[in-house]
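In the block that follows, a single chain appears as structure tokens, in the form predicted alone.
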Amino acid sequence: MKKKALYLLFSVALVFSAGCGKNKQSITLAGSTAFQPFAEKLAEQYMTSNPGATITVQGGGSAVGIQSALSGAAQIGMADLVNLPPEAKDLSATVVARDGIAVVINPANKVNNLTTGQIRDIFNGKIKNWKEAGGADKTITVVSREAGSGTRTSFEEIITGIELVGEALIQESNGTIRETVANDAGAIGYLSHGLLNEKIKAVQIDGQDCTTECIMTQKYLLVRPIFLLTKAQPGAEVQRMIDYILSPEGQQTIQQNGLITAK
């Protein structure tokens, strides 16, 4: 009897422990590498205010964000696209920020402004030397994101007619675009304006700067929304996380770190 009682007590303890594990608040966000560093900052703040929560943030690109939300691999998908693709129609989409796409060159390059036509011709490979765009006699190195990237998809949707030159260097994140351009005086690429720093230079597009003011007044051309994607009925904790990002504190964090607020 004593052994049976101990066994029952041990069984109850296991059930209690398993139940505690189920109550652990765990959320995974996956997708947009442009929004990833901002999501990581927001996740840190959320977990500080909610000690029981565990938030994991993963990149992979907007296509990964959509597929992860559809498959359930992530509770929240992140996508930075001008238009969501048809496969996202069964997902609930919430705009939590807006982001400019900066066309960036090395600071040693004296070019300060490019037209949309020049950008199209550079990325198509029609313009191959900076002297054809008002710069020095130097070969242009085109740097682009991979297929499936939300930044690339939005870039090519806004500047129509781009058929990327075969010699382009393909990078898998905004961060590696930035490093590649910073280390090549002839390079040109594009990335989230929230990730600009002193190592690279954003050119004007058709005379407009890639700044918060120009983005908000709709003078700057290359702008896309940041979506958080969930299944139709997200769990309570997932909804709380999204609500936090849309809260005054969350939106202030987004603005302070270089993105544009949702409203």
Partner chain sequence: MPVTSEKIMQRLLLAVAFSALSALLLIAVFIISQGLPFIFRYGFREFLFSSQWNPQAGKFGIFPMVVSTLWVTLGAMAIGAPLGVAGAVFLTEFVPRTVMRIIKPSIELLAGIPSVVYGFIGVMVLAPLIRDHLGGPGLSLLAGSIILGIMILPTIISISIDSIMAVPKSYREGSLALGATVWQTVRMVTLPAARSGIAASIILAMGRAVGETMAVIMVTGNSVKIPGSALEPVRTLTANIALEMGYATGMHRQALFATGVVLFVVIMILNFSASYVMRQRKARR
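Here the rigid core means the biggest group of C-alpha atoms that line up within 1.5 Å when the two forms are laid on top of each other. If you're wondering where the values come from, they're calculated on a predicted model, not measured in any experiment. Positions refer to the first chain, counted from 1.
The following text describes the form predicted together with the partner chain, which does not appear among the structures shown.
- Contact with the partner chain in the model of the complex, defined as any heavy atom within 4.5 Å, is confined among 108-116, 161-169, 129-137, 95-103 to 161-169.
- Proximity of D80, E87 and R145 to the partner chain in the model of the complex is complete: all three residues have a non-hydrogen atom within 4.5 angstroms.
- Using a 4.5 angstroms limit between non-hydrogen atoms, Q67 touches the partner chain in the model of the complex.
- Taking the partner from the other structure, the partner chain in the model of the complex has a heavy atom within 4.5 Å of a heavy atom of S149.
- At the 4.5 Å threshold, heavy atoms of A63 reach the partner chain in the model of the complex.
- Though the partner is left out of this view, D121 does not reach within 4.5 Å of the partner chain in the model of the complex, counting heavy atoms only.
- Taking the partner chain as positioned in the model of the complex, none of the residues of 216-250 brings a heavy atom within 4.5 Å of it.
- S71: CA moves 2 Å or more between the shown form and the other one after rigid-core fitting.
- The rigid-core alignment places the CA of G60 2 Å or more apart between the shown form and the other one.
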